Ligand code: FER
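Let's start with one chain on its own, the form predicted on its own, as C-alpha cells.
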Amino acid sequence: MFIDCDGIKLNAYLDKPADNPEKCPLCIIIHGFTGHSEERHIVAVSETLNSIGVATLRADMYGHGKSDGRFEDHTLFKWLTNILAVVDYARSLDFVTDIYMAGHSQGGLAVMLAAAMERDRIKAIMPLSPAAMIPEIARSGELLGLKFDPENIPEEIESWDGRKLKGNYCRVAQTIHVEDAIEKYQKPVLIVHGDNDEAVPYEYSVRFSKMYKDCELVTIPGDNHCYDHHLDMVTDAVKEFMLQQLR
C-alpha cells in the first residue's frame, strides 16, 4: 500500500499479529541509507514484533525502495517529514493502541530525531546501529568517506553503490544536532549495535546511549552493520525490550 506525504507516495507494509486482535500496539520500522523495507534484518524485526502481539508498519522513505522521489534528492529533512506522515497514518488506524518506533542505520538516526518531535505520541524507540554521527561528521567535512570543505559543500557525492547524492544532503545534515533530540525524548530507548560495525562505529552508540534519560545499550559481539552473524541476538533484544514495555 502507499501512504501519502504531501503528494509523495510512500510504499508501506502493514503486518498484524497472527491472531488479528481487535486492538494492539504498533511499531513503525524505518530502513537505512540505500536500504528498503524488505531487507532481511528489517523483516526479522517486524516478524519478531508480530510474534509478541505488536503490529508493524514498515515504510520506504523518500527515494528508497518503492517510494516516490529520487535517491540523489533525499535529505534527512525529507525523511523526517515522511516519518511524521507515517505516524499520522498509524494514529488513524482504529485498532492501534500505542505507537513505538524502530529504525536501522540512517533510519535509526531519523527515529531518534522524529521521536523528539513526536515525544507525546511515541512510547519507546529502538535505534538499531543508528548512524547518529552523520550530522557531526557533515559539519566536520566528511561523508561517505569523502572529505570536503564544510563551508564549500560539493554539488554531489557518490555513495558506496555508485549512486550520486546531492550536496543538499550535507547542507541539511550540518544543521541537525542529535544531542538536542536526545534531551527532548525522556521515554525508554533501546540501542542495538554490533561492535564490529564497518559502517557506523560502535563507539557512537556507546556515547549517545549515555545521553538518554532511560536507555539500554545491547552490544552484538563481533557483528557488522546489518547483523549478518547474530541477527537472532538482535531480535531477542528487541523482543525482551518490547515485552518490558507491554507489561
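These figures come from a predicted structure and were not determined experimentally. The first residue of the sequence shown is number 1, and the count goes up from there.
The next section is about a form of this same protein that is not shown, the form predicted together with the ligand.
Candidate site formed by Phe33, Leu144 and His225: every one of these residues places a non-hydrogen atom within 4.5 angstroms of the ligand in the model of the complex.
Figure note: of the listed segments 93 to 101, 134 to 142, 80 to 88, 110 to 118, the one touching the ligand in the model of the complex, with heavy atoms no more than 4.5 Å away, is 134 to 142.
Of the listed positions (Leu217, Ala199, Val43, Ile52), a single one reaches within 4.5 angstroms of the ligand by any non-hydrogen atom in the model of the complex, namely Ala199.
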